[in-house]
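Two versions of one and the same chain are coming, encoded as structure tokens; call them structure 1 and structure 2.
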Structure 1
């Protein structure tokens, strides 16, 4: 399945109101370092291209870079790791988002019900936990709020070890934004926002993968 690059995926999502972190796509180590300085340290750098759906497995994500030199070194290594099959690539530099809780959200075109928005708990643990809910597009804010209420692990959404409660209105924004993408872009087959890290109470899509027909 063809996929959009992470940068294009996030740009598309942002146009439809899904909150994404402020990031920059850089073509070289020097540009990466400049972008990082503008964003503020620490940052994360990832190799970014339309064919790069599974970056973590290939070691194409560098976390917690603390200064310009570290960013330039990481960017050089990432660009060197690209293969001809990866096509046009760049380095996506973004803020290092941290939080104790990971959620997952997405969009799928179900053969029976058509476009559906998904919300789940756990990021990489989602399958094991199985705490996942779906709703159909179009999605109202009331529908989205009920998705959040339907998660079984409600205790995870309240204040947790010094972090504030999950901002439900911001999470509703994410879900309603995904539905808006589905309504506006019939060519999109699926979207994964995984993980959606809860940072200071706000859900942030640190990775996004858009699959097109």
Structure 2
């Protein structure tokens, strides 16, 4: 299935109000180091291209890079790992986003019901809890708020170990943003935001994969 690059996926989502990190796409190790210095350390570097749907499985993500030399070395290794099948690639440099809680969200087009927005508990608890809810598009803000209320693991959404409660209005922004993409872009088959890290209460899509028809 064709996919957008992570950079293009996030740009699309940001246009519809989904919070994403401030990132930069670099063409070389030197450009990557400059971008990292501008963003602020520590950073994450990923090989980025339209043909790269599963970067983690291929070892194409470098985390917690703390200076320009480390970023340049990581970028060189990432670019060297690209294959001809990957097509045009670059290095996506972004801030390390941290938080105790991870959610997942996405969009699917069901053959019978049409586009549906999904929200669930993510991270290591995804399969163990199976705490996931769906709603059909169109989706109002009230519908999105109900999706959040319908999650069974409400304790994860409140204050947790010194972190503030999840900002439900920002999470509503994510869900209605996904619905807006579905309405505006009929050629998009699915969207996967995994993980959606809750950082200082705000859900941030640190990875995004958009599949097209």
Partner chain sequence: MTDTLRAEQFRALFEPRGVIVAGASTHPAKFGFTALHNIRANGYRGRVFATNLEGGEILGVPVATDIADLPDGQADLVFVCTPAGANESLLRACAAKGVRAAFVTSAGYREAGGDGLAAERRLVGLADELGILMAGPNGQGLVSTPASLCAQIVAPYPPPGRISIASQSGNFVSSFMNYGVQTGIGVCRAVSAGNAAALGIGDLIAWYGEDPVTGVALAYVEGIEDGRAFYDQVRSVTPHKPVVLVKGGATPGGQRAAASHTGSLATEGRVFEGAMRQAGATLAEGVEQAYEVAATFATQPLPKGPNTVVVTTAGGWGVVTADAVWASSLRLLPLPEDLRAEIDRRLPPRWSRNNPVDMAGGETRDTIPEVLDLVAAHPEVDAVVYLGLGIQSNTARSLRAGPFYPDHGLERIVAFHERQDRRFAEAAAAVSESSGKPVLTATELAVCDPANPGPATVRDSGRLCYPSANRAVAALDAMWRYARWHRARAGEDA
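By rigid core we mean the largest C-alpha set that fits within 1.5 Å across both forms. Small disclaimer: the values here were computed from a predicted structure and weren't measured. Shifts are known only where both forms have a C-alpha. Residue numbers count along the first chain shown, from 1.
As for origin, structure 2 is the form predicted on its own and structure 1 is not. Remark: 123 to 125 is the one run between structures 1 and 2 in which three or more consecutive shared residues have Cα displacements of 2 Å or more on core superposition.
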